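What follows is one chain in structure tokens, specifically the form predicted on its own.
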């Protein structure tokens, strides 16, 4: 050991150890001596060395938490501003803003903010990257990545005293103690590295130039397909020919008589609106607005009440009001008087002259004459110019709509002199012929 170099000319004093117990003891000695600018180096993680060195918990988790909450707020605010404030987009009566629908993007924003904060925060707190270290010049220090342990107390420490540090490090069974000189070399980067950096910088502009070319230029050739994914797999697309099958079609029909799992419709009352074990109405014709079969044919056993799977409850009625507002109110109106927004617009452009049929009032005598099963069938398959909603609305929701229509008929269809309206002022609902669009109330849809 030599103390010939002045204190300001050395980077620090390094002690080397051959086992874990020695480096742990040396770490405790340096910690108790009050030094702050020092570190231990081991070829593998050593359990408990953080406590031996007196390392305090890092503030990084709190920084990550703050940035994660920032990402959460930014994700929610961005989606609220774009979807519920700046550009409101109404979809089938759904709310403009719904927290569950915005959770996926919010979750990704939290992950992105937290991940980047963790990575760059760790580098910043550890003052990395540190591309050069004077310890790399020491021959003994090269064995630290193999089978040696080391501790270096830096001369930049306010309490640094080279003689005292050597004594502390030697007192823990050090194999050797040496000074680490300051690295004063300032080697310039090789000339070839400058060329590589210049070429790499130019190459980074190629993707941007290609994107601009594809955006503004025209070509008779298809664009480059960098990632083919499964676009070029051997397959037959829908509605195409294929000589492998006798009918020459690529698409196959389901095997006759098969039923998909969960699609066995054995409850006639629930799925078809008719009595159990009666005929299933695949298609019904209508005579003068009356539900039924053609003359001379048997009538279906339409269900008068509600099926056991959809009993008339407050929940069913509430669900029916919601589904009615999405699928029915646009034509039949919120109160079922046939004055929805479609009807008002049709009246404005005189669509009746082109053969358009106006929506019917749901509390007319004809509508009231339908049984529950007939109303269910109308919702499913349609009537007159009204198309069916069997593909869009589930059976349970169709029964909910039937229940809500019955509620409209019970309330909106009452006459002004009805005893059940004592003390209630009832204004008769106008008809489509009485209202022009310019005079329609703001809540008429």
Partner chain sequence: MQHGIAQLPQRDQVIARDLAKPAGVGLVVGAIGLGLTAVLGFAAKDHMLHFGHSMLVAIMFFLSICLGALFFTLLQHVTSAGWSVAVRRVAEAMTGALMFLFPLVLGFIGIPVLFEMSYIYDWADPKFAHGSELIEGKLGYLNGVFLVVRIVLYFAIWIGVSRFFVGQSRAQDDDQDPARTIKMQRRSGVAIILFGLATTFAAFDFMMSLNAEWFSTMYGVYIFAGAFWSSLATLALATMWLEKRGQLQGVVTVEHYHDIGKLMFAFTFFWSYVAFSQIMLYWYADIPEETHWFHYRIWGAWNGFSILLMVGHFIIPMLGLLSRHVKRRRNVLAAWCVYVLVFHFVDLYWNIMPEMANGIGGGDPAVVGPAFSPMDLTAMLGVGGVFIFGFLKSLDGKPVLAIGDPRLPESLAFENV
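Positions refer to the first chain, counted from 1. Computed from a predicted structure; not experimentally measured.
Just so you know, the form predicted together with its partner chain exists too; it's not on screen, but the next bit is about it.
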Problem set entry | Interface membership of residue 107, its partner chain in the model of the complex, 4.5 Å heavy atom rule | yes
Exercise. Taking 4.5 angstroms as the cut-off for heavy atoms, does residue 47 touch its partner chain in the model of the complex?
Worked result: yes
Exercise. Within a 4.5 Å heavy atom cut-off, is residue 129 in contact with its partner chain in the model of the complex?
Worked result: no
Problem set entry | residue 235, heavy atom within 4.5 angstroms of its partner chain in the model of the complex | no
Exercise. Which of 101, 357, 123, 77 has a heavy atom within 4.5 Å of its partner chain in the model of the complex?
Worked result: 101
Exercise. Which listed residue (313, 239, 92, 308) meets the criterion of a heavy atom within 4.5 Å of its partner chain in the model of the complex?
Worked result: 92
For this session: Look at the stretches 93-101, 252-260, 330-338, 165-173 and give the one with heavy atoms within 4.5 Å of its partner chain in the model of the complex.
Result: 93-101
Seminar exercise, completed: Applying a 4.5 angstroms cut-off on non-hydrogen atoms, the residues of 302-318 near its partner chain in the model of the complex are none
